[in-house]
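Heads up, the chain below is alone and in the form predicted on its own; it's given as structure tokens.
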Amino acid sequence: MTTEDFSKSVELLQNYCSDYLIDVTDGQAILLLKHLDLVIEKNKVLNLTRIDNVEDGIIRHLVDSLLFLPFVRNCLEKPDDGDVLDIGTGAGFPGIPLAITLSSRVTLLDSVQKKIRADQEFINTLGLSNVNFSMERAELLAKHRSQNFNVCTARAVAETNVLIEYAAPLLKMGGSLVISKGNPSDEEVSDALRVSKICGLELVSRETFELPKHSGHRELMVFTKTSYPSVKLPRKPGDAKRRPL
């Protein structure tokens, strides 16, 4: 992007965010757009996203990720502290935007080595110091980081009931799972509510949003850990999808 294009993009991003009552400083907007630019450039040699232009990326990656921000802040006891885990981070969404706009520690989790390596490059270039990486499955991470996280996030990763099972052993008591879904079916929501009871989580918030320029419908759901699971978790890798609770 030229300097003029970059300035216009900063203004566009901030204007979009203000429509959702989300404040993004100039410095944060610059880092967010640099991350997007890095993703688009890396995507030329590594399949990270289907989005290949800045304006779509601002809406479908940056704004879509920043919708998590007020929910994550509300879930943290201290807005500038806590541990956040982004499950299935892919190109770093929403994890890297959250790391840019929060002072909390953020761990990016993905089992695909090339994606985590790309994210490491992005973080090094952006100079972020509050980000960690984990290249493994959620079930394996839970074996050595059990009840370590205040918040888990997930965007376009798996069915909600599967994400609840992934997050339950990773969350501290009172911690929350924040999920973004497109148009979850009644069956998916019903399965999620049933599994959440088994896993010790409770649905505490469900809000809907429309992305700018008719770019999609989003539902942000927050499940809070209120008790310990009634089954032993984590199960073997893959069981959550192959043999749902």
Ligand SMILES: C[S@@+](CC[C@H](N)C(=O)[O-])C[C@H]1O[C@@H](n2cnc3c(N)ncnc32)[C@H](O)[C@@H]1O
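Numbering starts at 1 and runs along the sequence shown. This is a predicted model, so every value here is computed, not measured.
Although it is not shown, the form predicted together with the named molecule is what the next lines describe.
For the options Ser103, Gln120, Gln147, Ser111, the one in contact with the named molecule in the predicted bound form, meaning a heavy atom within 4.5 Å, is Ser111.
Val157 is the sole member of Cys75, Val131, Leu126, Val157 with a non-hydrogen atom lying within 4.5 angstroms of the named molecule in the predicted bound form. Shown alone here, Gly82 lies farther than 4.5 Å from the named molecule in the predicted bound form, counting heavy atoms only.
The named molecule in the predicted bound form is not approached by Pro169, whose heavy atoms all lie more than 4.5 angstroms from it. The named molecule is not drawn, but in the predicted bound form it has no heavy atom within 4.5 Å of Leu98. Contact check for Ala138: a non-hydrogen atom falls within 4.5 Å of the named molecule in the predicted bound form.
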